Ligand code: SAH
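Okay, so here's just one chain, in structure tokens, the form predicted alone.
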């Protein structure tokens, strides 16, 4: 692929792009209509026509493409992709050598130099996530690079953009041996059941690894735990293995029941000793208040946006109110693990929501510790939105 388009940036955005901001924003560009085909390469220039960077056109929910290099003569070819992926793999050497963890992120989009592309590793299997038709245009470069660089059991892929129903293969299989699902992976010695062949999500969010270990090591022993928006119950499993007296997992999705039982079972935990509830979390809060149920540890990790029959939740607007509900059913001196993956606000703003929630509840609190993304989820300082995860352990006084 050769550089085709010339894209001119508006003067008020020049400074940030020259400093390395990687995402192409529609409002920053004079001539978006010059980008005609997803995957086409372009040069980004300032209003005087001076070169700023080279990137590709690809529409995703964040923007219209990504800058890949600020070197004018650098070719965007298979060796470019292979170089970036090789560096990323070398940076995760410690994880590849771990005997306790064999599930982690190998390549984290713009943090590793190629926006719109992530690669995860699951005990010998690689999963490629494509976030636009534009990045998918480089399919051969990515697959060939991976084949050249690593040994693998199998490679799977997920298209995380609207394909109009067109998939290369229904289950996302690309190369190697098809997995026998679930694949059992390890995270800090804990077993996790993973499915690379079902929809967009695989059964575990890898970005919470440090948070789960902290709950297991420091916060679970002898405690009653409520895990809300529990998905497949992985936080509950870590809490149970950390010595929690009982966990309660609540999620609206019907699949959460079977998936959570499975995660308990593969770790030798009797799931019947724990509560797994399929219900709207907001309804459950009301039920818990009515029944005067309280918990020592409450885990709040909602999606950025969720809709049920009765409620619509947006983290940017509603997190404070969600936290107030959690405060009501947290024991005195109990801990709330407040987590969000919403990229629309930063940690400082998140702490404002926390402070407002406790003040409006007339309850004192202290922050015990906080987390952002683990090291394998590489980010760059020029793109702060990329460091989306914010987790705060809050003690209620």
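Numbering follows the first chain given and starts at 1. Predicted, not measured: the structure shown is a model, and the values here were computed from it.
This next part talks about the form predicted in complex with ligand SAH, which is not shown.
Segment that reaches ligand SAH in the model of the complex - one of 76-84, 121-129, 231-239, 264-272, heavy atoms within 4.5 Å: One stretch meets the cut-off, namely 231-239.
The unique member of 281, 185, 288, 297 whose heavy atoms fall within 4.5 Å of ligand SAH in the model of the complex: Filtering the options by heavy-atom distance leaves 281.
Between the options 327, 315, 252, 244, which residue brings a heavy atom to within 4.5 Å of ligand SAH in the model of the complex? Contact check passes for 252.
Can you tell me whether residue 303 touches ligand SAH? I mean in the model of the complex, with a 4.5 angstroms heavy atom cut-off. Yes - in the model of the complex, heavy atoms of residue 303 and ligand SAH come within 4.5 Å of each other.
Does residue 161 reach ligand SAH in the model of the complex if we count a contact as any heavy atom within 4.5 Å? No, residue 161 stays farther than 4.5 Å from ligand SAH in the model of the complex.
Test of understanding: in the model of the complex, would residue 152 fall inside 4.5 Å of ligand SAH by heavy atoms? Output for residue 152 is no: heavy atoms all beyond 4.5 Å of ligand SAH.
Hey, in the model of the complex, does residue 139 get a heavy atom within 4.5 angstroms of ligand SAH? Although ligand SAH is absent here, residue 139 would stay clear of it in the model of the complex, with no heavy atoms inside 4.5 Å.
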